[in-house]
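The data below hold one chain only, encoded as structure tokens and taken in the form predicted alone.
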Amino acid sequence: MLSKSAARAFFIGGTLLTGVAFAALTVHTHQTVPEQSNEANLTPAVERGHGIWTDENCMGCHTLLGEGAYYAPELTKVVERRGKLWIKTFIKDPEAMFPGRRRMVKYDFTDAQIDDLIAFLEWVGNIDANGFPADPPYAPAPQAVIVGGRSLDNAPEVFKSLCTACHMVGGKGGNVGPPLDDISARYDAASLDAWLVDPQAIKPGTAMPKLPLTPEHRKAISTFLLETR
């Protein structure tokens, strides 16, 4: 048992100590938050994108910085994870990319509105959230099959922007789909082009989305993937 004087000293000392700690943490917060918040990079496009995000109640399905609903994917780092072209393509027509599987609403946004929304998502992704969101190991990353030194350095821009969101080449890219280093052993130019036109027609239920690729895009991708090294 503490004496009255010891208890009083303990209370006063503890109060002072916690008060000093609170004041120090408050000062530290005010010093660090402006830099972490990414406020300096706010632009009119970011503000317009935030307005679209709010007006369309995107948080009714998605989360940003951990806030929102958990029906659809977390989007804090979506630009880093998917890339701007992939996001723009998907927003324009989610059903076309994932027939019969995606429940994302088609909003019929203009290109300018989509650009603003992406600007907002990119800005959010650059907020210093102390490591949030983490990268959970949903599945082991597939091992890259290096064939003849194929490298993304030589890839066409459409491949870098869209295909690498899911696939890996030369050890770089996404791990959603299989690596594509050895695709020339499985496809020729005609069969690869048919696959790129409509994957669902070739293999119903495949996870590969139907991308709005022009003939020029498909030729550039096929040339890159099938050329001998």
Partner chain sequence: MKYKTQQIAWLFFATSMLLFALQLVYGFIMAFAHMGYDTLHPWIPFNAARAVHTNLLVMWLLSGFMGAAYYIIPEEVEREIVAPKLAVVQWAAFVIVGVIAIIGFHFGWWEGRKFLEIPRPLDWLVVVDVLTFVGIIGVTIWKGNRPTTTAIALYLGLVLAAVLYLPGMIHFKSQVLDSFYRWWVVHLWVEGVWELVMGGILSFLLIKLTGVDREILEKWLYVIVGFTFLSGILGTGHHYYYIGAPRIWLIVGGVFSALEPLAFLGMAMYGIAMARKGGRQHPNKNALLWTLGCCIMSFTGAGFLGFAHTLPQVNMYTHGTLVTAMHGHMAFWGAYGMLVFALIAYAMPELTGRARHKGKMAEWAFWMTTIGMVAMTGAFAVAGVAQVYMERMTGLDFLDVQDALQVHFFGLVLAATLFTTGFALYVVDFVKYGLPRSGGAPRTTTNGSADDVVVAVGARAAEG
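Residue numbers count along the first chain shown, from 1. None of the values given here were measured: they were computed from a predicted structure.
The discussion below concerns the form predicted in complex with its partner chain, not included here.
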property	result
Complete contact of P178, T206 and P215 with its partner chain in the predicted bound form (any heavy atom, 4.5 Å)	no
One residue of I91, V158, A129, L152 in contact with its partner chain, assessed in the predicted bound form (non-hydrogen atom, 4.5 angstroms)	A129
One residue of Q200, T164, S184, T63 in contact with its partner chain, assessed in the predicted bound form (non-hydrogen atom, 4.5 angstroms)	T63
Proximity of A112 to its partner chain in the predicted bound form, heavy atoms at 4.5 Å	no
Contact flag, K172 vs its partner chain in the predicted bound form, heavy atom cut 4.5 Å	no
Residue contact check: M104 to its partner chain in the predicted bound form, 4.5 Å heavy atom	yes
F120, heavy atom within 4.5 angstroms of its partner chain in the predicted bound form	yes
Heavy atom within 4.5 Å of its partner chain in the predicted bound form - qualifying residues of 22-48	F22, L25, T26, H28, T29, H30, T32, V33, Q36, S37, E39, L42, E47
N175 and D93, C-alpha gap in the predicted bound form relative to this structure (3 Å or more)	closer
Pair C166/A129, Cα separation in the predicted bound form versus the displayed form, closer or farther by 3 angstroms or more	farther
